[in-house]
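Here's a solo chain for you in structure tokens, the form predicted on its own.
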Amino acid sequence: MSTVRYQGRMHEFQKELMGRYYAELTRGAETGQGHAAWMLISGNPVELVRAFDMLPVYPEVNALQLGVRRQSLPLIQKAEELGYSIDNCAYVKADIGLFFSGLKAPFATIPRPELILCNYVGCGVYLQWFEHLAEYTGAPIFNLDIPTVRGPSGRARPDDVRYVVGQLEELIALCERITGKPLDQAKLRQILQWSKETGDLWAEIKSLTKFVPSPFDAYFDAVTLMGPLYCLRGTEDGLTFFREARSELAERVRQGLGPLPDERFRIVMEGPPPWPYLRIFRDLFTKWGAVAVASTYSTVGGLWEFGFRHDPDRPLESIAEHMLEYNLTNRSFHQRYQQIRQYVEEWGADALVIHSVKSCRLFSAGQGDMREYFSKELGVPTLLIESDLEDPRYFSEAQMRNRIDAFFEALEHRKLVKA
């Protein structure tokens, strides 16, 4: 097995910042001070929440943190004992189990919410999940209804933008009642400016993986960057992190350094990672010198690399456009095909790897057709493997290794024949 060390300066800085974020959550839980808003990751209006000095809490991120620490299974089973089906989203079950365990996680104590803010872009499970949380906690729930992007243009319609802006105005009124203060427009513009600059840096960082070798792995290392991108977006700390990360990664490009000593294969990854076995999963690719140069999972919270930026001069409109159009989960499968195809062609990938996860229908439904499209119609070598994003009962290392080894043996043979 590989002995490659993956951690660098960027990873250490991320740990420090995320540690401070979770310490703030714990202070809020222990002192009862502040106003916690429980939110979802995909296409959220966190800038508005921060403008009211509310503390954004992400049950999805808490669930994946439990998965990484292999603490999720007892909580999943607790939720199943309460009646949640084995086929439910494992994030949901881990989070519900955490709630009924007193909200005490190994990394933080989670403050109880004063607002349940559901922004169900693409995923219908979000709505039921947050309605259950509202019932269990007694906190008010606000459901932001985000229409799916429709039509061949793939663009959000002006009527849809106005529809979402109208809901954001209702949300502002609710936040004013919860916090007892009016919206500070100047503060909101500053927060949006930090988000805009963060978007610039994130897009630039993701373009660096077009270099050979890629300076970082756009799947396994991208999750390190996604923590500050989602939990700290709209803050000066978050922006500072991305300035540091861009500097470190650009320097690696100048030095010709990649995450592995020898980059033999460039791949595109589709689907969330198996959090309880992240290191083992990564090592299965490392042994073949495979580096992800792009991934769809790294775009679940936004598609900045394709041009979106928050706009301080159009605050609510740009927040609405982000929620409607510029996040992966609110797009059609055909748009996802186009996104992956662009990655394969522009980032110079050798293959597509699809990690299909059992408990996320939003991501995984239709991936069999996706494999057929890329392998048979476009001639892109494509591997489909299966486990789960949170539930360790669905990960078989031996089975996974056999599939991955066989795929890269064939890919290596294909390269030799072409040479």
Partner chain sequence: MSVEGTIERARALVDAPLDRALEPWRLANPEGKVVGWFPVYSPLELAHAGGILPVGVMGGGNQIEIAHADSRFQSFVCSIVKSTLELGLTGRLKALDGMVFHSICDPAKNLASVVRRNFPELWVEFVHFPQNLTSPLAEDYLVAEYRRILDRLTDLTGRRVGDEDLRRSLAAYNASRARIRRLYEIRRESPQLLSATESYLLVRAGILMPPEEHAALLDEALDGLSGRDVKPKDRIRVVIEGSFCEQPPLELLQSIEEAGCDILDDDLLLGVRWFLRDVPIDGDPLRALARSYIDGSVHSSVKHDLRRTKAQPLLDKARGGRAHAVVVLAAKFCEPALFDYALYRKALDEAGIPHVFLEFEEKMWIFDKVRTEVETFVESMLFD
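Residue numbers count along the first chain shown, from 1. None of the values given here were measured: they were computed from a predicted structure.
Only in words, not in the display: the form predicted in complex with its partner chain, which the text now covers.
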Seminar exercise, completed: Interface check vs its partner chain in the predicted complex: of 148, 207, 247, 101, the one with a heavy atom inside 4.5 Å is 148
Seminar exercise, completed: The one residue among 258, 122, 348, 312 placing a heavy atom within 4.5 Å of its partner chain in the predicted complex is 122
For this session: Decide whether residue 74 counts as a contact residue for its partner chain in the predicted complex under a heavy atom distance cut-off of 4.5 Å.
Result: no
Exercise. Would residue 83 count as a contact of its partner chain in the predicted complex, using a 4.5 angstroms cut-off between non-hydrogen atoms?
Worked result: yes
Problem set entry | Exercise: residue 160 in contact with its partner chain in the predicted complex, heavy atom 4.5 Å | yes
Exercise. Is there a non-hydrogen atom of residue 294 within 4.5 angstroms of a non-hydrogen atom of its partner chain in the predicted complex?
Worked result: no
Exercise. Want to guess which of 174 to 182, 129 to 137, 104 to 112, 226 to 234 is within 4.5 Å of its partner chain in the predicted complex, heavy atoms only?
Worked result: 129 to 137
Exercise. Within 4.5 Å of its partner chain in the predicted complex: all of 334, 358 and 386, by heavy atom?
Worked result: yes
Exercise. Going through 161 to 177 from first to last, which residues have a non-hydrogen atom within 4.5 Å of its partner chain in the predicted complex?
Worked result: 163, 166, 167, 170
